[in-house]
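Only one chain is given next, in structure tokens, and it is the form predicted alone.
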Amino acid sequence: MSTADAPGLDVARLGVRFTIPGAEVAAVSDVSFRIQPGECLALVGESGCGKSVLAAALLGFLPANAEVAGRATLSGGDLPPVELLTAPDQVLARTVRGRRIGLVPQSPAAHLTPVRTARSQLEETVRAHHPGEKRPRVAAERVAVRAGLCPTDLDRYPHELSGGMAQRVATALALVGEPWLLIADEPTTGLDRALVDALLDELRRLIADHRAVLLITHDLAAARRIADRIAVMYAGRFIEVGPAADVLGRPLHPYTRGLIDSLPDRAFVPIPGLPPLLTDLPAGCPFRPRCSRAVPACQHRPSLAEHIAGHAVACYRPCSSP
């Protein structure tokens, strides 16, 4: 495949707001990024920072009270480009979901039909994506093996699956349509470390197979394991973006440093205070009320700008400064 034909997702100034009685929620603001096959971009940050809302916007899963701005263009391959934020639901269902973008949802067991075996649900998905497939059972087992399952695992009902097995079933379902991009939403939640390691190894193999992974997580250890680039979100915005080794090894934003210092193998010191309410964001830098490095300039909102080659931060006094 030529570079011009290579698939890619370009997101430019994506914003998502929700109107609720008496308030407006700024869930995602001015987010831009690009992702291509063969790489993993990890979105990290505390719960409620907008990571899952961003994914829902890309797949057209937002509720009716959402107002979306910006662009998200899915291009390349044998299909014409699709503007994800404005495409009709029929177009997304027919040409995007499961075919060009696969979703590994948070709490995958809750997304499986409880009265049907994993095999039944996987074979149904095979028939939906490949109506000409004459041997859906064989195709289902083939994709199950790719996701790290044994064929016999498919004969279990959802309540008989361990957390790791349910996660693998969800991955298999996401792979049936051969999407080049997988969105994995908090895939390590509730798994023990051995299962987390196995899942991350599977995702890394998919990346090596020229797929892309958009990993949504608050698990910095998981991001360190498989991400090529990391985007740190706070209050709906990207506040630091760069190569994973740089963001986690030499963080520029005080919030990123606080996340790292709160890990058990580091200082184990939590970030003081709480994230702001998305209905009542402070003026200027949203992290200012929690930041020990705040200066008067922080009363004005900083823009995300490159500080070191390939490493951008939205901060007037990044941690590399004295």
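Don't overthink the numbering: it's just position in the shown sequence, from 1. All values reported here derive from a predicted model rather than from experimental measurement.
Omitted from view is the form predicted together with a small molecule, to which the following refers.
Q: How about His218: is it within 4.5 Å of the small molecule in the predicted complex, going by heavy atoms?
A: His218 belongs to the contact set for the small molecule.
Q: Could you confirm whether Gly48 comes within 4.5 Å of the small molecule in the predicted complex, counting heavy atoms only?
A: Gly48: yes, in contact with the small molecule in the predicted complex.
Q: In the predicted complex, does Thr113 come within 4.5 Å of the small molecule, counting heavy atoms only?
A: Thr113: no contact with the small molecule in the predicted complex.
Q: Closest heavy atom of Glu123 to the small molecule in the predicted complex, within 4.5 Å or not?
A: Outside the cut-off, so no.
Q: Which is the contacting stretch out of 30-38, 58-66, 259-267, 283-291, given heavy atoms within 4.5 Å of the small molecule in the predicted complex?
A: So the stretch in question is 58-66.
Q: Using a 4.5 Å heavy atom cut-off, which residue among Asp246, Asp153, Glu141, Glu186 comes into contact with the small molecule in the predicted complex?
A: Contact check passes for Glu186.
Q: Would you mind picking the one in Cys298, Val11, Leu304, Val25 that has a heavy atom within 4.5 Å of the small molecule in the predicted complex?
A: Of the listed residues, the single hit is Val25.
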